[in-house]
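Structure 1 and structure 2 below are two forms of the same protein chain, each written out on its own as structure tokens.
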Structure 1
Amino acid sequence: MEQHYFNHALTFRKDICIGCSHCMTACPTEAIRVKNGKAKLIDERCVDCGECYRVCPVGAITVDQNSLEEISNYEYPIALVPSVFSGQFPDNITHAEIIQSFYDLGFSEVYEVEHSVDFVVEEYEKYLQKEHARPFISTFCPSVVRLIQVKFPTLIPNLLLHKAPLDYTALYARKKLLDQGVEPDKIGVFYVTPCAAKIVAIKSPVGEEKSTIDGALNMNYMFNKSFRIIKNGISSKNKPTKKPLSKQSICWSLTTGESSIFSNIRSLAIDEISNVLEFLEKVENDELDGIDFLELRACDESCAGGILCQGNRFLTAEKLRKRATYCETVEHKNKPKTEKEFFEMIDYLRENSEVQPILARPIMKLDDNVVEAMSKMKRMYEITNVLPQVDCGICGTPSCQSFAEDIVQGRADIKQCVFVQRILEQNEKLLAVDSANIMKDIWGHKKLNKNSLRDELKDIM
């Protein structure tokens, strides 16, 4: 079975895009093409990693997000703030001030996402005892799950089908209000997200029917809102702060956050999407010996390197680890760490956290029919042999290989290759003016207007 419904949180703004193709080159799944001078996303191939967003020089890729005003639609808006959020701030701003700023922004409850980590760890430990394809692959990073769906469907049985701390904290926060007699419609759960993938996970979840979260707030946007309030002075009416997080909770979203916890088994942590891609190839070949658990994260330095984190990822990670060490000191140790209520609510949490099977979304297949796919592949080889293997991207496709595939799939014409054009022109099979028109279809009229160079380069014109 395959999944055919996609929804992405990244929007390519045609009015801003300058057709520079940086995003096309950066995309790890070759999901972007350039046409009519604008970048175009092939929805099926996108895994929401946000590498395109990182490299866009003009900010033409925007993230679909909820705005802060939307919290007023709910009588009880709850903020779920991940620990990496506080890592964005300078040292002289305290964690308590950051949390208080959310109350001042209008939230009635503020939770750190990682409040449920100690509970989740116990649930995971039980899950890891199960009869299961090894190694277990964590489903914490939504981009990694999507990458496996599209490029490594044979590894779907290895995915650890368990909800993330975010879902449990959301369930818990909501349930606490429900128990106080609050009507369900009046509760709105908002997550401050460090990445686009989490937004998609909320809007079109994989492995669950409906998300437990009502809205996603861009972390960068919330950093500005929160910082401004702190700078102008937060209100003094301090809300009771939640119990401090344990060390493992604070570090959960950093690299080795999961793998370091399961010390009784062999586990490994890998971050950054090209590293993950390289490693999944090995996993798929069954080249690993005795590794039981894989923590894979799409961003360098994991969530500290999320595309919506404005702070430097290394500094954020360092701050979090420092805070975690502080939480381990004696004065903190005496306070109860994890919220016991999570365990008291265990039946409710388990009942409401069932995970649906994850389906393949294979992008590599050339055709559903094997015979047809074989003949397309043969043509692809023939075409690839003609292409220069320069991967210049001037055809509007990220590589000669993907260009050959686009041709056999009817999405591109071999005359889009500049090398093929020159060969055809030498053989008088193509006129220079036709070549120019083909280029205009790819890169837009502006870049190839024959009058545009006249003033600047008088000498050569």
Structure 2
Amino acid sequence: MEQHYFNHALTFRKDICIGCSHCMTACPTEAIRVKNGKAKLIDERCVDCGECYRVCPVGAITVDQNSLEEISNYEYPIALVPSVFSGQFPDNITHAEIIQSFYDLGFSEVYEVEHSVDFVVEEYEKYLQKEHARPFISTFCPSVVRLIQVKFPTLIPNLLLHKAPLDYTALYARKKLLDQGVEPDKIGVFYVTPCAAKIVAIKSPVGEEKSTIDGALNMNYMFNKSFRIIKNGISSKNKPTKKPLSKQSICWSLTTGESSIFSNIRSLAIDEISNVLEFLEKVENDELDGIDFLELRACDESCAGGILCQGNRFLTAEKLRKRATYCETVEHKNKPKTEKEFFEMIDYLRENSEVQPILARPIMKLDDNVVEAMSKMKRMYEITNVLPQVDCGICGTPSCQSFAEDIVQGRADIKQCVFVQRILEQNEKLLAVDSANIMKDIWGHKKLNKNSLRDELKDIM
């Protein structure tokens, strides 16, 4: 097990949080509790999927990100823009205008992330010939990788240890400038990210000591900057455009983007994290046979549904598929399928493509001592049988099972359960005032302030 858990891109602001518990119930790894009327994150459980960010009604969850001003620290700032970015814009704005707006923002080079996809596809096909636990599970989505580390450590051997197109494009863009004699510290590579998980993947990568990317920029913020420049009139000093992407490259970050490339094996694509969880349970329990490759994405419609995307995910996906069809029928007519420059740099890319073994960080590790862990497991089972199994969340934890775990780990008291309180009160082992104080410790004094609620209660009772 790793000694240090990675950082997180999501931050909970206590000054804004109202303790509504929306985030707690939405979290797929039960990483959130409510204490003193505020949401609290259990770091080792969080996979940065962003579901909490998506459901927070007051904007109390923020995303850590780099500032656009940081590109001024580099003489040669490079922008890596995913294809889903172009899908955010109205139909009357061209792809060329979108790319040009990044040059106007101060970037010296602009690459679409998927420029390396055709190269990656060929590498995938070679990798899948290896002796390996089946099904292969894609590592494209960082949240899924972390989900497997946290909840399904037995499936870690199934992970496809191969860099994503983002990393290859970053390597390629940097190497091109290095070959031109540019000093390494003058080059800065920035990724326009649709989600929080990829921010963490850059700042605290899994399977690598250091990312090839220097910073991550919020896609929603960059959309507003780009859109404003386009509306005000982009520069007439047009930069040379890169070669058009292939159809499979444009659709790579959408659902079925990876799985559709395999015609001779059985592959499946599953998106939205609750569906991914359900499917991983089936794989872990050996309920599925004959599947060779799994494309798993945490967001609905994959990257088009990222929490930092400006546009509607379904409309974004539609626009990208239209663009892919156009490129296939017009722009790619009589043009080679693969990006030639990537294959000219193939030795360099392969030398830097190694991914270290990914380690587990199971959340159900109750104790380092096996005997003590077994004792705690037995105690958990006993407590769970006493609890009502309604997963109401009133105790400040998302489920009765997670509440039982918190009790044996010393993070909670069984009296926090409102059903247990009522039983103790009936047996005169707990006073009503003590029950009220317990609830105040969980949900905050404001929600249970009799003076502030007295008049309101009179009106409705």
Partner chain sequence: MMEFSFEINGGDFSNAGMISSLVKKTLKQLNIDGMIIRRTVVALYEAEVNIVAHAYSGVVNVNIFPDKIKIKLTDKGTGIADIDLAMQQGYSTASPAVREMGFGAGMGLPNIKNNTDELNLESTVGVGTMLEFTNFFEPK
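Whichever C-alpha set is largest while still superposing within 1.5 Å between the two forms counts as the rigid core. Here, residue number means position along structure 1's sequence, counting from 1. Everything numeric in this text was worked out from a predicted model, so none of it was measured.
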>> Tell me which of the two structures is the form predicted alone, please.
In response: 2
> Is there a C-alpha shift of 2 Å or more at residue 426 between structures 1 and 2 once the rigid core is superposed?
Replying inline: yes
